[in-house]
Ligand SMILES: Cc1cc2nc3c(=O)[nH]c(=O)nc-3n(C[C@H](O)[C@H](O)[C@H](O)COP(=O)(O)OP(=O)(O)OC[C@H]3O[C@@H](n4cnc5c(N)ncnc54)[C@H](O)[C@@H]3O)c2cc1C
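Quick heads-up: it's one chain on its own, the form predicted on its own, in structure tokens.
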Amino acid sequence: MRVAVIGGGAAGFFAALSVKEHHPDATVTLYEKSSKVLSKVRISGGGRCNVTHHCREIRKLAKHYPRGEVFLRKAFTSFAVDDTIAWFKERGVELKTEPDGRMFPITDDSESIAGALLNAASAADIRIDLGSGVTAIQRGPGPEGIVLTVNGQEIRVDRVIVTTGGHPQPTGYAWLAALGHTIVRPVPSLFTFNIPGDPIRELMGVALPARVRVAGTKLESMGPVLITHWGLSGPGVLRLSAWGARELNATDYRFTAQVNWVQGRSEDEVRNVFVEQAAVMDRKLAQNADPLGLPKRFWNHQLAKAGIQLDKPWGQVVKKERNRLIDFLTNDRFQIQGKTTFKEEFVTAGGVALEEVDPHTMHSQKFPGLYFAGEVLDIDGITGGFNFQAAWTTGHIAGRLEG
């Protein structure tokens, strides 16, 4: 059996290795249109590779996917987090869990993951063809044969697994749409918020646990928010961008973000803290009177924003100024004007419609002998290792070549 895997990323390698595991006699060729493989694996997690997330319960795990929850709930019954951990351990790579649940190789080096995949592919005698772009898939002359167009040449195979990842434009999926598949329009996911000209950008590097909302919608997220030189980032913002990928795209990334910098506490709760600490605060200068334990630069910025002089004794700060400060702490508002891709971790919401793929086999319901895995499907997760877990799961299942 001749099997072609199209795309040399995480899902592609896992699919190719799964084919050899389940069909040892198969001839497997992995086609990659660029000059290198596993690029995303190498850059993810700041070069450490966030392999998966320490969320073992399938229903909870699936809830981390804005697109694909129900589909993956079925797929995870075949291959999930424990299977990923065991797979890499068997190949000499131990994973560790960080306090937020993200899992990395104990080496803190993505090359450990890339190396394990490359070594396994070499040992399994998987052929890797670089600079080989597949532009078309057609039915072959036989009942099950498939013909690929690779760099203008026709190649006959028996099975094909497509793992080409997400693409920013619908045209990137045209060759799959030609097979009868519905393509859900791709839009960006996992991006940060731009606030050009806002003075808060001077606090770049400051991070706080916060609640972020999009005004006029039900979109809301809790988590650390990082202030950057272009705007707002961090897990709290990235999660919101994932859940709101389509809604925010429809606004052309122009909307009002409301940030509660005190972990969602209400105005009354913060006001009560000020009242309870009044005896201590009143004796201090405003810049030293913070009862909330906020980063010093951030507290001073909010004081200035509320019109409170830093060297003014707190006891002389009038009620109107305090209320303004409390408002900025609990309901700060920013005019978002555009987005920035998170690092180099390009993720899309959209791709091949899940209704046309069997979640138990990844087999196409439109084209016999065709399988899908990874982000080419309309699946995307929030940040934290979830997108890689979806790649390992769908790749492993597709490589069984069932259905």
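Predicted, not measured: the structure shown is a model, and the values here were computed from it. Heads up: residue numbers just count along the shown sequence, starting at 1.
Omitted here: the form predicted together with the named molecule. The next part is about that form.
Given that the partner is absent here, state which listed stretch (302-310, 78-86, 125-133, 329-337) has heavy atoms within 4.5 Å of the named molecule in the predicted bound form.
Among the listed stretches, the partner-contacting one is 125-133.
Whether residue 45 contacts the named molecule in the predicted bound form should be assessed with a 4.5 Å heavy atom distance threshold; does it?
The answer is yes: residue 45 has a heavy atom within 4.5 Å of the named molecule.
Would residue 163 count as a contact of the named molecule in the predicted bound form, using a 4.5 angstroms cut-off between non-hydrogen atoms?
Yes.
Check residue 8 for me: does it contact the named molecule in the predicted bound form (non-hydrogen atoms, 4.5 angstroms)?
Looking in the predicted bound form, residue contacts with the named molecule include residue 8, since a heavy atom lies within 4.5 Å.
Whether residue 351 contacts the named molecule in the predicted bound form should be assessed with a 4.5 Å heavy atom distance threshold; does it?
Heavy-atom contact with the named molecule at 4.5 Å: absent for residue 351.
Indicate whether the candidate residues 64, 261 and 270 are all in contact with the named molecule in the predicted bound form, with contact defined as any heavy atom within 4.5 Å.
Checking in the predicted bound form: none of 64, 261 and 270 is within 4.5 Å of the named molecule.
Tell me, out of 298, 274, 175, 255, which residue has a non-hydrogen atom within 4.5 angstroms of the named molecule in the predicted bound form.
None of the others qualify; the residue that does is 175.
Taking the named molecule in the predicted bound form, which residues of 23-59 have any heavy atom within 4.5 Å of it?
Residues within 4.5 Å: 31, 32, 33, 34, 40, 43, 44, 45, 49, 50.
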